[in-house]
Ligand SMILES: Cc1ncc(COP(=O)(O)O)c(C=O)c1O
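First comes one chain, alone, set out as structure tokens in the form predicted alone.
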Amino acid sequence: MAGVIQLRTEIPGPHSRALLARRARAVPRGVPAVSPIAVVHAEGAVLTDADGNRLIDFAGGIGVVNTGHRHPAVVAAVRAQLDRYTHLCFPVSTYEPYVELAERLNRLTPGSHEKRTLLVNSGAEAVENAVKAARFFTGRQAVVCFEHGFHGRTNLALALTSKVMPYKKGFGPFAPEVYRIPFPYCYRCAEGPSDRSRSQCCMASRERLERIFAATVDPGSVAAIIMELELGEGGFVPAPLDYVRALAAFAREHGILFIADEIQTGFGRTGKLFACEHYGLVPDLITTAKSLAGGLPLAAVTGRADVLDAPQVGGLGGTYGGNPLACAAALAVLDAMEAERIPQRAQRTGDRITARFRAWAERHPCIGDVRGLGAMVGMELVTDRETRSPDKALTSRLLAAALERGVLLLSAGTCGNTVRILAPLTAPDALIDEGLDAVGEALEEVAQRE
């Protein structure tokens, strides 16, 4: 049986190159073009470019289409909503899709306590509103974040983001009262490289956390700690279970709110609906976006009712937040997550990806680490396993070689040396295997040049 990938021209073909030339004349150069293709159609996990080439999508709009491109139920829900109204502005006129979605998120997120949900437009906006609510509720100003973390590109979100190039260079000054502490990145542990034989994370102790805060910020002035339980842009690094538990206990003891940034981990990607379910963690606030609405712009802050009810009337909101079309799409996404058991499918897909990555690692010493939760799996490329020096150049060559074979792939990590897969979670096993076969061939090619 013929595979999904069909290449009629070189990648990029002439029509893609022509559109990229137009783009260069019309769009600021600061907006990156990670791949040199122009897409004209997307369905499930398959992209068709302007030259008629069919490619497998292992990028998923940077994790936005967990339910796949143009999921039929999502398309139908948006079309039905188009016949009712497209915009009213929720702070002006109440409408049911916003309320229903808030009710659903309040039920689905961890914890049986009373909750509220605020809908906004983007992950960065969700982060900023979570911090605003935490500061108002606690009466404190400081926010603690992590090395390698990514929380968005607006001013406060950018202050929380760790990676300097390309996100922060030249854009300061940033919002004040933001304090960064080490992320428990076992492969690059400050105490010496971990071979994963340790039964506990060396950072997972109250004493260690007390020392870190003593040298960083007074816990009594901290409104919130914001954390990605598995780093996204920072390299697909899952936090150790014992560290998260120690940190959550430390936060509770000091009256600090715990904000779980589930913008990339959320909605099935890690094999659970939310990554915090892996940790038995009930955050005070959860920020979500990306796959919430199946490709439409929508984000949310969900959490404790007393925290989100604290700000004055008018203190939260926005013109487009909770757009009716996006809310309709999100409700269809949540229906699909349950009906199609998408988180469970993600776990099985992740097992397939992990097995393939580990098999490659046995043959190629350039693969230093394989890690992740569910289908949020990455492999970190290094110049050699002894020094563990990041190999960004090899990573770039691998992505280019994969694209030449018809697979769109992304990198991640502060040093840009982690290959990550964000394929739609609805992709069939045969498509995942075909894409991995192509990536494996690309790896053989680029690794032999070393």
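All values derive from a computational prediction rather than experimental measurement. The first residue of the sequence shown is number 1, and the count goes up from there.
This protein has a second form, the form predicted together with the ligand, left out of what is shown; the following refers to that one.
Asker: Taking 4.5 angstroms as the heavy atom distance cut-off, pick the stretch from 260-268, 217-225, 95-103, 328-336 that is near the ligand in the predicted bound form.
Answerer: After filtering at 4.5 Å, what remains is 260-268.
Asker: Taking 4.5 Å between heavy atoms as the contact cutoff, choose which of Gly295, Gly235, Gly152, Pro283 touches the ligand in the predicted bound form.
Answerer: After the contact test, the surviving option is Gly152.
Asker: Have a look at Thr138, Gln81, Ser162, Ser122 for me and say which one sits with a heavy atom within 4.5 Å of the ligand in the predicted bound form.
Answerer: Partner contact (heavy atom, 4.5 Å) among the options: Ser122.
Asker: Does Lys290 make contact with the ligand in the predicted bound form, using a 4.5 Å heavy atom cut-off?
Answerer: Close contact exists here: in the predicted bound form, Lys290 approaches the ligand to within 4.5 Å, heavy atoms only.
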